[in-house]
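You are given structure tokens for the same protein chain in two forms, set apart as structure 1 and structure 2.
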Structure 1
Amino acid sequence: MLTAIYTAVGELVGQGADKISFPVIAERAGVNPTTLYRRWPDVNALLEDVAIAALTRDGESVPDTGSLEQDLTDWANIIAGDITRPERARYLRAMVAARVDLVTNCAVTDARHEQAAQMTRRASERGEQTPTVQQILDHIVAPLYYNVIFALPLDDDHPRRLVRDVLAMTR
């Protein structure tokens, strides 16, 4: 049932639907609207759950090439390729639009944090100089998401440039 609901929301968001209400979602998913009212306080909360599920379900594997520069470049390219897909970009915008108060944790950020920590841990073990996880989030992840969320074009070389910049900080 959850899958039907998430799919319905995904389709509605994907079609750029203007009015996404519990009744509209329920009809599309073939469930009773009361199911939705019981489970989520409002549409935004449901929208956010769907967005997080969509943005983190991939189980992306973290690159392990033996060089931090290559790992980060591959990783930045995976992220860029993923979030620039029109459907994902729309999800992302719907997700942030649904946020009103400060969040203490964010599934998207948490996943990126964990992946960055894996890569820097391996690099440290190989004796490489590494930026901090926070620097990777600030200087690779943030600019990629910023461009996509603002609907600004992201050129093919952008991920590699960001990696080069963050590594230059540690020298």
Structure 2
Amino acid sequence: MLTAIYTAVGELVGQGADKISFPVIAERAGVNPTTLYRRWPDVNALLEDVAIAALTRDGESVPDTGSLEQDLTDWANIIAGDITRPERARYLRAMVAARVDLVTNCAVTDARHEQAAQMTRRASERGEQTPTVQQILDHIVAPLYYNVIFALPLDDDHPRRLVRDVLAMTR
């Protein structure tokens, strides 16, 4: 059932639907609207859940190679590989286009924040110098998403260059 709901939301967002509501989603997913009202307080909460599912790999363990540089490089490559897949890129662009109001927090950013924090904690425990989690988000994650949102090229070496740039900030 959850897959049908998420798929329905993805299709509606991808088609640029003007009005995404619980009844519209429910009809597309083949479920009763009550199912949606019971699980989510509003459509925005459902959109956030779908965004996390579509734009992060829930439960995915972050790399643990013993080196922060390699962990961040592997992680950035995983993110880049995932969000550049055509269906993910379309969904990401549609989600951004559907946003009208500024938000105080973003579930996708929260998930990436926790992943980056986990890697920097481990690196600190090993005695490595680490950038801040915010530096990682601003200088590795954000540029990857930016390139995808604006359909700019993202070559295979781009994630590694971003990692090297952010690590240079710690020296």
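Here the rigid core means the biggest group of C-alpha atoms that line up within 1.5 Å when the two forms are laid on top of each other. Numbering runs along the sequence of structure 1, starting at 1. Just so you know, these numbers come straight off a predicted model, no measurement behind them.
- Taken from the structure described as the form predicted on its own is structure 2, whereas structure 1 is drawn from elsewhere.
- Relative to the superposed core, Val43 undergoes a Cα shift of 2 Å or more between the two structures.
- Core-superposed comparison between the two structures: the C-alpha position of Ala8 differs by no less than 2 Å.
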